[in-house]
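Take a look at this one chain, the form predicted alone, written out in structure tokens.
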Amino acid sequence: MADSVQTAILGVSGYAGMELARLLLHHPRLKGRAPVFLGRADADHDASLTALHPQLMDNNGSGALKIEPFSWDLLKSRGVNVLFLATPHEQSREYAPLALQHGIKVIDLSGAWRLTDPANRAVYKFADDSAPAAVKIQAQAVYGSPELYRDEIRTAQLVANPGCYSTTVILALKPLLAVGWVDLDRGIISDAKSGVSGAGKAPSPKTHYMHAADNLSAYGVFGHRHTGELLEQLGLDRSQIIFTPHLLPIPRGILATSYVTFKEKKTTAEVDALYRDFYAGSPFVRFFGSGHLPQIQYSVRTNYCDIGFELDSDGRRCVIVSCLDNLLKGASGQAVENLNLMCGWGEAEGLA
């Protein structure tokens, strides 16, 4: 498969879909094999990719690329063997099982298949949640965090790409929780802020310029749909973490500040060594250590998740700051990482 990969993107019109198209068009392993760009099945004509996304125009023929009406016959005729779903959750619930039936691997950027616990999935209100077919598909899905499930992703048929907030917070906290350092009776607070593109391309009153500009607002308190990912991937229950997202008046980027208390006193050197050891071999985690906290401007338009920390003089209270680009490491860039792993390529190919 690695030598004959043909990708397709369903949902190329959105911000994440646009970034995914850009990355795949320039991926060194896919030269001469542009993705098949798919739109609505009921579209009555082909649309130009660069008319929709002029920033993708180049001198290598991108202007001739079309967004074609979706059909399984089209995917079969083009030899598609990896389908990216940059679609709403409900649409991914419908298309992923069908793709698997057609022998096509799926990398799904929605939240359709990320959550194993029905209580956590309830936020999406999936009509088929308890259907035997959906339960079977869910059991096959691999959570697409390369830092946590690299080996499982290599052999996966369905990869559920993590959420953007989830990636930011999970990568910041996982090393500490994996070794049991955190006093969960004291609880964890994670305060995260995202640029407007995290809300997607569809306009809404809250993402309108008049609301978002010169403003900072909290939303989804105690109910954000990414909370379930934090609980499942960090091994927590709802009483042990408070996650609060905020809308920043910037186009893209996430900064999360997480507050923990250790059970026992630790040194800065011990915390530093823990993170560096945990993420050794992970090309897209940049660990800043202590004394140099990440900022959104460092990670925006890259595929890096940047992590830094400060330890209080008491050796127990610790603040971890993590940043990433919500459209890249938080979405399309991480999806390409997963493609690389599934194809047996270098994890960083097409991204560094």
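From 1 onward, residues are counted along the sequence shown. In this text, all values refer to a predicted model and were calculated from it rather than measured experimentally.
If you look for the form predicted in complex with a further copy of the same chain, you will not find it shown, but the lines that follow are about it.
Is the gap between residue 36 and a further copy of the same chain in the model of the complex 4.5 Å or less for some heavy atom pair?
-> So residue 36 does not count as contacting a further copy of the same chain.
Find out whether any non-hydrogen atom of residue 121 is located within 4.5 angstroms of a further copy of the same chain in the model of the complex, and reply yes or no.
-> Judged by the heavy-atom cut-off of 4.5 Å, residue 121 is well away from a further copy of the same chain in the model of the complex.
Although a further copy of the same chain is absent from this view, report whether residue 197 comes within 4.5 Å of it in the model of the complex, heavy atoms only.
-> Output for residue 197 is yes: heavy atoms within 4.5 Å of a further copy of the same chain.
Is there a non-hydrogen atom of residue 278 within 4.5 angstroms of a non-hydrogen atom of a further copy of the same chain in the model of the complex?
-> The answer is no: residue 278 has no heavy atom within 4.5 Å of a further copy of the same chain.
Taking a further copy of the same chain in the model of the complex as the reference, which of 133, 178, 218, 273 has a non-hydrogen atom within 4.5 Å?
-> Looking at the other structure, the residue within range turns out to be 218.
Contacting member of 266, 224, 78, 186, with respect to a further copy of the same chain in the model of the complex [4.5 Å, heavy atom] | Flagged contact: 186.
Partner-facing stretch of 246-254, 159-167, 134-142, 81-89, counted where any non-hydrogen atom is within 4.5 angstroms of a further copy of the same chain in the model of the complex | Checking each option against the 4.5 Å cut-off leaves 246-254.
At a 4.5 angstroms cut-off on non-hydrogen atoms, which residues of 204-225 are near a further copy of the same chain in the model of the complex? List them in order.
-> Residues within 4.5 Å: 204, 205, 207, 208, 209, 210, 211, 212, 213, 214, 215, 216, 217, 218, 221, 222.
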